[in-house]
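Encoded as structure tokens, the following chain is the form predicted on its own, with no partner shown.
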């Protein structure tokens, strides 16, 4: 069984492109060209140079000594928090902006939840001198104020999504509406491994630099390329797709995807798609999503804006359905407590999204000789207000 996308845009039974007729030309143009453009040596050279000199790659693979001692196993952190803009998101926006330029698009739109993808998109638009409009849920605009300010400083226009739960799902709806209305000059940079094919595959490919580096770095540090376990948080799932990518077909690597349980999987206030989701269509792709018995999307909830999404990317839906990956749900409280613990143990304040991945250490026992790689997908600067409120700092 393959865990990569097939030629029709499916991972097992998940994926595809379920889109309105108006969007067909845009998505088809992308599908026909993305592999050809990204395989071009001049594209690769420009992409690699920007990742190295602008983003600061490769990011370190850091052996967390005190954390390892506490949990009696070997824990390495993939430091995506050290990327320019503070998270893994910029790997993908650089790839997509280079693609947009080669397709002749001059107006860029994006959606964002935690604001990291919005910042990363605004950053590359400033770098390339392109117009940038970012859609963001009204609630997320309030809880991620520093990132909103960063986007505006970078020259982007931030448009609030005022419908539904006023979070990531609704921002995505608004961006898709914009794209339908402006099909000729506009390119939509999707921030996660969601949306119609080819987006999930394309975003995963741009993020796969994470797992490629893990293999090289582990070989150097441990004399072997593969860890025993690789752990990442999953909302839509781009950081996880990047961390898992080169291990998907390596059966000796245990893949652990961590979702946001919110106030508890059965509380009605959760974003644990694997536990609560059923097959459906969201944002142009067939996947697992939380929905009512009559097919209406259930509003998700998580303290972290980046995991507050009612579905999961089709790659992750397939990893779950096939049993290739282990899915674990972590509550707000568990994530917040570990965010504080990581800060005090390793001197690293993680994004609340990433803190969910770390909280697995409290739920699962790993062997003393096992190598556990945790993708530290973003830094906690953007979440300081949430940490302050939660811990009364």
Partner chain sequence: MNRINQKLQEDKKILSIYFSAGYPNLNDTVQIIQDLEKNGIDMIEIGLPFSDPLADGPTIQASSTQALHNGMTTQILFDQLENIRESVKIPLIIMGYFNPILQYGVEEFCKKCAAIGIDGLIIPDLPVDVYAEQYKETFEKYGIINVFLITPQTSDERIEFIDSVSNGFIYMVSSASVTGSQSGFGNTEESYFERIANMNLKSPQVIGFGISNKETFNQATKFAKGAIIGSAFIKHLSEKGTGNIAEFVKAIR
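Not measured: the values here are computed from a predicted model. Residue numbers count along the first chain shown, from 1.
One more form of this protein should be noted, the form predicted together with the partner chain, which is absent from this view; the next part is about it.
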property	result
Heavy atom within 4.5 Å of the partner chain in the predicted complex - residue from 183, 268, 129, 146	183
Among the candidates 251, 224, 177, 142, the residue which, in the predicted complex, approaches the partner chain to within 4.5 Å (heavy atoms)	177
4.5 Å heavy atom contact, residue 289 and the partner chain in the predicted complex	yes
Partner contact for residue 173 in the predicted complex: the partner chain, 4.5 angstroms, heavy atom	yes
is_contact(residue 297, the partner chain) in the predicted complex, heavy atom dist at most 4.5 Å	yes
is_contact(residue 281, the partner chain) in the predicted complex, heavy atom dist at most 4.5 Å	yes
Contact stretch among 328 to 336, 53 to 61, 23 to 31, 341 to 349 - heavy atom within 4.5 Å of the partner chain in the predicted complex	23 to 31
Triplet 37, 44 and 197 all within 4.5 Å of the partner chain in the predicted complex via a heavy atom	no
Partner contacts for 2 to 20, taking the partner chain in the predicted complex and a 4.5 Å heavy atom cut-off	8, 10, 17, 18, 19, 20
